[in-house]
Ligand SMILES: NC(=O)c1ccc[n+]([C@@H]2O[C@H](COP(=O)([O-])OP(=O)(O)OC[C@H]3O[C@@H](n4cnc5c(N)ncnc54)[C@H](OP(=O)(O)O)[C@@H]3O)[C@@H](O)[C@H]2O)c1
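One chain is shown next in structure tokens, namely the form predicted on its own.
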């Protein structure tokens, strides 16, 4: 299983397995800093999620979801000290419609990643930080993550009763903003304070927009499935009007040519921001 390297342009065929794991993202941050990175899969017309039929929830379009992209998703997870997600993920989990119980995945397909984390001196599973303004979190879903530390980050004006209830259940609640929302700059400092070196953002476009607007996202991994989906109801990777324009710098690009549907694997660095 190989992909063709398009950029930097040398025409090499590269093995899919290990393509992202070899980046060693857990070792890239300078001392006293943290590397924050995100990952999405989208159609050529920018759809990352569409409404789920018969439900108020949304989901990755079935036409673009595929195991080869999921393998790289898992490789990125394997390099993280902590995963950044949202309350919405846990509400989906409670309804039985979340993608995964937060990788690194179990089973033979991902046993090499579990072993790799062990060899790198990493915990068996990344910790989890949940960003939530509402603190509407189903406790059963939170308690399902018994194999790692789970922290909840919220704004200073969030409901104190809900905060106390979560703390009484054994979860640490951190204030990550002066008002009702989480501030990306404060979040980054919390990650550094807790000793994290690599943080993998797997939440939806709202959390992504928070990081982008604050200028704290370091890298974006974007799979573009070479298909057009159309339709009016959909989500994109930014999700809302950003406070500033974010310029990207292409670091690598691979073509995954498959009869069942081709895709591009791109890695972008944040080149800078402009108002």
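Numbering follows the first chain given and starts at 1. Note that this is a predicted model, so its numbers are computed, not measured.
Omitted from view is the form predicted in complex with this ligand, to which the following refers.
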Next item on the list: For the three residues 24, 79 and 113, verify that every one has a non-hydrogen atom within 4.5 Å of this ligand in the model of the complex; reply yes or no.
Entry: no
Checklist line | Answer option from 198, 74, 125, 86, heavy atom within 4.5 Å of this ligand in the model of the complex | finding: 86
Notebook entry, point to check: If you check 172, 91, 163, 185 against this ligand in the model of the complex, which one has a heavy atom within 4.5 Å?
Noted result: 91
Next item on the list: Consider residue 103 of the chain shown here, and say whether it contacts this ligand in the model of the complex, taking contact as heavy atoms within 4.5 Å.
Entry: no
Margin query: Under a 4.5 Å heavy atom criterion, is residue 29 part of the interface with this ligand in the model of the complex?
Written below: no
Next item on the list: Verify the contact flag for residue 181: yes if a non-hydrogen atom of it lies within 4.5 Å of a non-hydrogen atom of this ligand in the model of the complex, no if not.
Entry: yes
Note to self: Taking this ligand as it sits in the model of the complex, is residue 135 near enough to touch it, meaning that at least one heavy atom pair lies within 4.5 angstroms?
What the structure shows: yes
Item checked: Segment that reaches this ligand in the model of the complex - one of 245 to 253, 47 to 55, 29 to 37, 225 to 233, heavy atoms within 4.5 Å -> 47 to 55
Next item on the list: Taking this ligand as it sits in the model of the complex, which residues of 201 to 218 have a non-hydrogen atom within 4.5 Å of it? Please list them.
Entry: 202, 203, 204, 205, 206, 207, 210
